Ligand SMILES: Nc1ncnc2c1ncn2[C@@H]1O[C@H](COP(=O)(O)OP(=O)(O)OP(=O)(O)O)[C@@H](O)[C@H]1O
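Take a look at this single chain, the form predicted alone, given in structure tokens.
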């Protein structure tokens, strides 16, 4: 369990002005879960996560790891707790003058591990991340995805209980991002390591996290299961982030030419797998066009979004709208021709 209680972090700028990077943030992260912290650039995400291993000390508030308040830890007690918290970064932070194996060896030597344990563990870790054949390669000769795999192996070298991931995929292409997220999920499943992942991308949260906290201007504005946050966002910032992730764009030409009314429908849970539109066609004896749509499965639960066009008399449209309101999570009018 990781618990941050009313954590604030204030910096003093060169102009001697106080800058509140984090304001009274409180989160609880369960042992063994993958927890996301999402927000736009400058929201305070990285600063907040760096308080977990005290790379940033809170100006106020408490940091509790496994029911132990570590906020005031220093010296050996702080070094010992940091050994149980691995960290990976956006730009990998590898030592380019050392080989892949030596990067891992360096982390273990710094922790005081004996040579025989180090030499046994290096191939185990490289096999885990799929890079055993790259043991003697310089990081400079690796792709971005391979570098991040080395960084993950190094972060796991001392068998941490917690893995902090600071924008681990933002420097990677889409296919590589998917493979890195799959690796992190596999590590979580195999070893039960608690993973905290910072990102500005809702798609990353959607694909890997169990729960998520949304940050804006240093504050946590909303938190919950990933499914609930996507399906029922409350704060305006969350709605904006979710809208960018779920938005289905229609071309202006189609909207301008369509004679009738265009609805946007959101389905949750079993609704997304029910023949609601087919039933509406039969019930109201109408024709409709599906202009855009998709169903996504978040944590195994469906969330659907459809955009439909209907041309029918006003009373039929009103009855259809009421039916959709009662049968789906939400419905709104996107466009209505004169």
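All of these numbers come straight from a predicted model, not from anything done at the bench. Residue numbers count along the first chain shown, from 1.
Omitted from view is the form predicted together with the named molecule, to which the following refers.
Sole residue of 271, 26, 59, 40 within 4.5 Å of the named molecule in the predicted complex, by heavy atom:
Of the listed residues, the single hit is 40.
Using heavy atoms only and a 4.5 Å cut-off, determine which of 167, 228, 210, 201 is in contact with the named molecule in the predicted complex.
By the 4.5 Å criterion, the partner-contacting residue is 167.
Evaluate residue 314 for contact with the named molecule in the predicted complex, applying a 4.5 angstroms cut-off between non-hydrogen atoms, and reply yes or no.
Result no; residue 314 lies far from the named molecule in the predicted complex.
Is residue 21 close to the named molecule in the predicted complex, meaning a heavy atom pair under 4.5 Å apart or at it?
Residue 21 belongs to the contact set for the named molecule.
Flag residue 44 as yes or no: does it have a non-hydrogen atom within 4.5 angstroms of any non-hydrogen atom of the named molecule in the predicted complex?
Yes.
Residues in which of 291 to 299, 45 to 53, 28 to 36, 274 to 282 have heavy atoms within 4.5 Å of the named molecule in the predicted complex?
Every other range fails; the passing one is 45 to 53.
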